[in-house]
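Take a look at this single chain, the form predicted alone, given in structure tokens.
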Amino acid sequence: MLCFCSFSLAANSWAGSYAYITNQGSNDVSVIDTAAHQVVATIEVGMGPVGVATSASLGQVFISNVDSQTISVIDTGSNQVIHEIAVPGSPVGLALSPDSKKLYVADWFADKVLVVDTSTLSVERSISVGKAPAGLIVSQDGGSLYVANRDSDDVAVINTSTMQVERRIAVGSHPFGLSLSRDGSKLFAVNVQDDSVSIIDTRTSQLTTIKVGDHPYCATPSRDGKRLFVTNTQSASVSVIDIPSRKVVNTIAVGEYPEGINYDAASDRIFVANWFDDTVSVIDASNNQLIASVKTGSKSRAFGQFILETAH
């Protein structure tokens, strides 16, 4: 694998944040300096990259390649691929445990979640879940893994100590992206075919559902936890939900077919990957204004937690 950089940069040598954007059409990852709004590296990975999981403690980024059935492991110091993990099935969503010791992989076609030991980079077990698992996210204490089962219209909750499914929570039609509130008390499931977001109490499993734009995909909360930003793929927009009132309070126009979305604490900005435009839109989270558009590779998806915070 080769790394083509627009200028020399070791990602962990500067303080700040970087967005690792998977480009499914060009089989590479664009690395964006979130302060400068500039692509600083382009990294070739496997075929059909989709999912992203970043670890500052490991100094690594994991990329799921759905067509080549691999996970690319990127070293953030050199921005080069240092390992390819062969996995069965079709890896889509990725999530890391809080200690970065386990990487969870959603196997879309086999209806399973794979567990990868990040010290050995080997698959150590698999867990049967619902149909077509997509988005994954782990609780802050690492005790629960949440899995969006797109074709089962529910979210599976896995106990990571026993690696067993404890319960399944019915949500809207075709849940895809998942996100958690900053305090971990609320789980957000984005329902593509219902044009809605389910807000789930992680303690009681009670939920409320809020309508958003056309074919929503992913979501990310604000720093204060009061707002949720949701990409609407077929509306070319981001809905802003006021979480306490459970109402959409703003709609922000972005690029065409927005998919992945993440909040960057270092800059207080929202980054949105646009599939049709081959761009990333940048939103100022303080005023909900679109402030920049960054050119990336072909068919940008960035599905997962794609922001990596670094320090000296």
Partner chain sequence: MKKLFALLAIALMPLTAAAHGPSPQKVEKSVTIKAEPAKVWALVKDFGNMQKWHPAVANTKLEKKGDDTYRLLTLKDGGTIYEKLRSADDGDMKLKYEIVEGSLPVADYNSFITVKAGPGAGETTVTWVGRFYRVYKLNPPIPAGQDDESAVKAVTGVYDAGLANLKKVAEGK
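Positions refer to the first chain, counted from 1. Here the structure is a predicted model, which means the values were calculated and not measured.
Keep in mind that the form predicted together with the partner chain is missing from the display, and what follows is about it.
Only one of 173, 159, 128, 234 comes within 4.5 Å of the partner chain in the predicted bound form by heavy atoms, so just point that one out.
-> When the partner chain is considered in the predicted bound form, the option within 4.5 Å is 234.
Selected contact from 180, 199, 81, 132, since only one has a non-hydrogen atom within 4.5 angstroms of the partner chain in the predicted bound form | Looking at 180, 199, 81, 132 one by one, just 132 meets the 4.5 Å heavy-atom criterion.
Using heavy atoms and a 4.5 Å cut-off, decide whether 109, 151 and 215 all contact the partner chain in the predicted bound form.
-> The answer is yes: all three residues contact the partner (heavy atom, 4.5 Å cut-off).
Choose from 165-173, 180-188, 199-207, 143-151 the stretch whose residues reach within 4.5 Å of the partner chain in the predicted bound form, heavy atoms counted.
-> That would be stretch 143-151.
Residue 39, heavy atom within 4.5 angstroms of the partner chain in the predicted bound form = Because no heavy atom of residue 39 falls inside 4.5 Å of the partner chain in the predicted bound form, the answer is no.
Verify the contact flag for residue 97: yes if a non-hydrogen atom of it lies within 4.5 Å of a non-hydrogen atom of the partner chain in the predicted bound form, no if not.
-> Close contact is absent here: in the predicted bound form, residue 97 is far from the partner chain, nothing within 4.5 Å, heavy atoms only.
Does the partner chain come within 4.5 Å of any heavy atom of residue 66 in the predicted bound form?
-> Judged by the heavy-atom cut-off of 4.5 Å, residue 66 is in contact with the partner chain in the predicted bound form.
Using the partner position in the predicted bound form, report whether residue 257 sits within 4.5 Å of the partner chain, counting heavy atoms only.
-> Residue 257: contacts the partner chain in the predicted bound form.
Going through 274-289 from first to last, which residues have a non-hydrogen atom within 4.5 Å of the partner chain in the predicted bound form?
-> Heavy-atom contacts within 4.5 Å come from 275, 276, 278.
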